[in-house]
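Before any questions on how it binds or moves, here is one chain, the form predicted alone, in structure tokens.
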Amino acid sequence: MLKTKAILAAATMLAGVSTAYSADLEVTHWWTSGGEAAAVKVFADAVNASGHNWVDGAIAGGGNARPIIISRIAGGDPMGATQLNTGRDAEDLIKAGLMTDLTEIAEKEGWADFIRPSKLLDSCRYEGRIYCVPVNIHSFQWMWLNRGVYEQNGLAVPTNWTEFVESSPKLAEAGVTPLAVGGEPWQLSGMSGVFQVALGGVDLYRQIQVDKSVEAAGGPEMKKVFEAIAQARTLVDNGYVGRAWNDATNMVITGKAGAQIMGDWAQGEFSVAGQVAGQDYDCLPGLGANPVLDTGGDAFFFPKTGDDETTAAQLEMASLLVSKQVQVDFNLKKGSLPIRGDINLDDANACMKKGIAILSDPENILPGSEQSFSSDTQGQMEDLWVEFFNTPEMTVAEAQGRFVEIIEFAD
């Protein structure tokens, strides 16, 4: 009760007004796993405590949710607020004038002074105006390992990709799937980005993601990435096709698999299962080779509804999402890092603290693919990675040649 009162007080103070009305805010998002549901409840409780009504509009799976969300807004059926990735997902909707401008409240509250890295807020800008609020820092650059699986089979817990591959035959002999994978396009594409950093190197990642270098796309370092993906597909079980990411995470949690390459949102699942970082599971940023973070994440956008009271409620919600206590509570549940650099994270677990340390050096911060490429280019890459992973007959040379073509015309 005291916490609820504190959130309500924070809402009133941050918004600079006293809520004299109650607005129903339908909020669409794709946070439906156990850990995600626990995290999104923090936001819902804060909005409800502020005097408004969070109407949950969860849609399972980002790949399913994103086109539905965009179609509704473009078709004149806007929700009160919606999660999208921090990046270019809503670019066309902003150009069409369908999103609420948050610039005034962002400047009033000094978001630019505490949101870090600054590129997160920059991703919300269009022609100098701010149209979204980043709520976390997510990175795909992680590998999660079940310590008990290795220890029970007389193996050292791997500290990098090479050691993981070397230990895999013994795991397989013991009936344990070495690598838990979900075959959804975004999962396979995300895994390729991790290999870009870990095996190709940070320079390769920047050349591909920032410079869109055709030469780098066709070079020897990128070849290592394709070779690693080809190797990874020999370490999975036959049930990977179409598997949800959190089901793959559960394979690691329950000891059915040794490891998973997945973003830091996987921590929410370990937390719900009562597991402790450094004790029950370990984490390898950059596969233990290049500990960096690609700083994508989630942001909330507020479609225009034509109703002044709803717009006022949207601005209050935006203010709440970046408030200190809400940021702490949400990100501890989500497994992500907060967008504020001025809050206390003493309760962060060992893996989160690794992420915080990495984030402290600007040289360790890389853009996420959502920030680098249009939705169309991302889709082409996903299609390629899925086909390559599912088609052992496709050679590394053939797949890399197609990748070069995508980068040549990338936007």
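One-based numbering along the sequence shown. Values in this document were obtained by computation on a predicted structure and should not be read as measured data.
The same protein also exists as the form predicted together with a small molecule; that form is not shown, yet it is the one meant from here on.
Colleague: Heavy atoms within 4.5 Å of the small molecule in the predicted bound form: does Trp186 have any?
Modeller: Trp186 belongs to the contact set for the small molecule.
Colleague: Would Phe302 count as a contact of the small molecule in the predicted bound form, using a 4.5 angstroms cut-off between non-hydrogen atoms?
Modeller: Looking in the predicted bound form, residue contacts with the small molecule do not include Phe302, since no heavy atom lies within 4.5 Å.
Colleague: Classify Asn85 as contacting or not contacting the small molecule in the predicted bound form by the rule of any non-hydrogen atom within 4.5 angstroms, answering yes or no.
Modeller: Yes, Asn85 sits close enough to the small molecule in the predicted bound form that at least one of its heavy atoms falls within 4.5 Å.
Colleague: In the predicted bound form, does Lys334 have a heavy atom within 4.5 Å of the small molecule?
Modeller: Taking the distances in the predicted bound form, the answer for Lys334 is yes, it comes within 4.5 Å of the small molecule.
Colleague: If contact means a heavy atom within 4.5 Å, which one of 351-359, 48-56, 372-380, 26-34 is the stretch that engages the small molecule in the predicted bound form?
Modeller: Checking each option against the 4.5 Å cut-off leaves 26-34.
Colleague: Decide if the three candidate residues Arg116, Trp142 and Asp294 all line the small molecule in the predicted bound form, where lining means a heavy atom within 4.5 Å.
Modeller: No, none of Arg116, Trp142 and Asp294 comes within 4.5 Å of the small molecule in the predicted bound form.
Colleague: By the heavy atom within 4.5 Å rule, which residue out of Tyr281, Trp265, Phe164, Phe226 makes contact with the small molecule in the predicted bound form?
Modeller: The residue in contact is Trp265.
Colleague: Could you spot which one of Phe195, Tyr131, Trp245, Tyr240 gets a heavy atom to within 4.5 Å of the small molecule in the predicted bound form?
Modeller: Contact residue from the list: Trp245.
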